[in-house]
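Coming up is one lone chain in structure tokens, specifically the form predicted alone.
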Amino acid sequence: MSRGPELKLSTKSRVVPVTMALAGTIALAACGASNESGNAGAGGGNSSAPQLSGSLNGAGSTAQTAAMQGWSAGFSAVQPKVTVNYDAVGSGAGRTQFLAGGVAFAGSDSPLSDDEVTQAKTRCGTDGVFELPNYISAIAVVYNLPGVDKLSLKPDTIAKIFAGSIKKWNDPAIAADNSGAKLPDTAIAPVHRSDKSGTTKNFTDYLSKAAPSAWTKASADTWPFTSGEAANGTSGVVNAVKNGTGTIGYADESQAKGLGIADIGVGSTFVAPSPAAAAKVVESSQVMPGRGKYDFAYTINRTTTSADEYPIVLVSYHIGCVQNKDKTTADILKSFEGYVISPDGQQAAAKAAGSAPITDAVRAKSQTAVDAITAGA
């Protein structure tokens, strides 16, 4: 087994019985990486890419934990002397560490805020910051309703269910979305996240834009109602829905196995969550205006009417400086991000985390940012 670059992950996000290499981190060696076909380096290089050595430090999104493992393993195929350190402390903490100069990149389930963009200019200089949408995950509306194997829900119906105004599964609004279906007179038991969550932020953003008359709350990473059952983390929501009757919740589609998954009203049809449909809606969305040349933060098109797009998605980014203070950091960051956005890198994340690979159109935009990464004069 060849020993490739290590990915060190915070135990705050995951507990794994391995030898402690550093206090507060887990060392995950990228074993077997020589069997991965990887394109690391600017422009998606290959095994002939210049060999680098050193370390790269990042912090942020816990949603990217499994994907980071996949990326580290694949990256080791061409850069075995590089160590990637990633502290999965959450998106907000990762952005804070990056803006303070503590890490070379942040993983974040939401783009930089306007105030953070201003701070990034101070950190990164005139060439600015890059934000690359490297990780896309469909958010499924999951349910447990014995006897109902197929369920379709329009945006207004979903909003009213989670706001608590639709209380029974045979409510006329649900019946109208499911013509001919036999719906039981069972109480609906909504389940939501109890913790601050990028999944909640994206789910409530969808509801506020796709069903504004039924959902009057703004998007938020904390659930805005006290009603319903609260559960910690994606696993908590999934378990609560599984162990209940008449339950409904929202969770990463990759972790929804064993549960009913609703088709979502999109235009005049209903669409199931899938990696392809999740990636497609990002491609059709608009890059936020007024940002830097290499800032590809998206405003997701939650109101798409296209039958090949699924609008309830979480997009997680890698955020870093285009111009870096030293050549070693710049070279490794450029090589690593080049691998992450490559087809091989995206497939590695899909295999490890069930995420949706970015489309070629999104990759082409991101590649311009990767190509521009450099060291300061």
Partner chain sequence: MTSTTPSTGSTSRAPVRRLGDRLFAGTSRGAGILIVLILAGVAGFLIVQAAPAFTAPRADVPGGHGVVAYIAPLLFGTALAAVLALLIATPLAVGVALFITQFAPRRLAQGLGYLVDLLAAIPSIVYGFWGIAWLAPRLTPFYAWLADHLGFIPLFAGPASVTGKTMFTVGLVLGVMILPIVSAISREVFLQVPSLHREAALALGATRWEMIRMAVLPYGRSGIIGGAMLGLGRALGETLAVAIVLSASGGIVTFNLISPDNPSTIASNIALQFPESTGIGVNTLVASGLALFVLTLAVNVLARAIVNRRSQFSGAN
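Values in this document were obtained by computation on a predicted structure and should not be read as measured data. Positions refer to the first chain, counted from 1.
We do not show the form predicted in complex with the partner chain, though everything after this point is about it.
- Across the options 172 to 180, 281 to 289, 188 to 196, 206 to 214, residues that bring heavy atoms within 4.5 Å of the partner chain in the predicted complex belong to 188 to 196.
- For the chain shown alone, residue 274 is not a contact residue for the partner chain in the predicted complex, no non-hydrogen atom being within 4.5 angstroms.
- Using a 4.5 angstroms threshold between heavy atoms, residue 89 counts as touching the partner chain in the predicted complex.
- Contact annotation: residue 247 falls within 4.5 Å of the partner chain in the predicted complex, judged by heavy atom distances.
- Residue contact with the partner chain in the predicted complex: residue 301 places no heavy atom within 4.5 Å of it.
- Remark: all three candidate residues (96, 226 and 243) come within 4.5 Å of the partner chain in the predicted complex, counting heavy atoms only.
- Screening 139, 161, 231, 117 for any heavy atom within 4.5 Å of the partner chain in the predicted complex leaves a single hit, 231.
- Between the partner chain and the residues 305, 122, 165, 222, the one pair within 4.5 Å by heavy atoms in the predicted complex involves 222.
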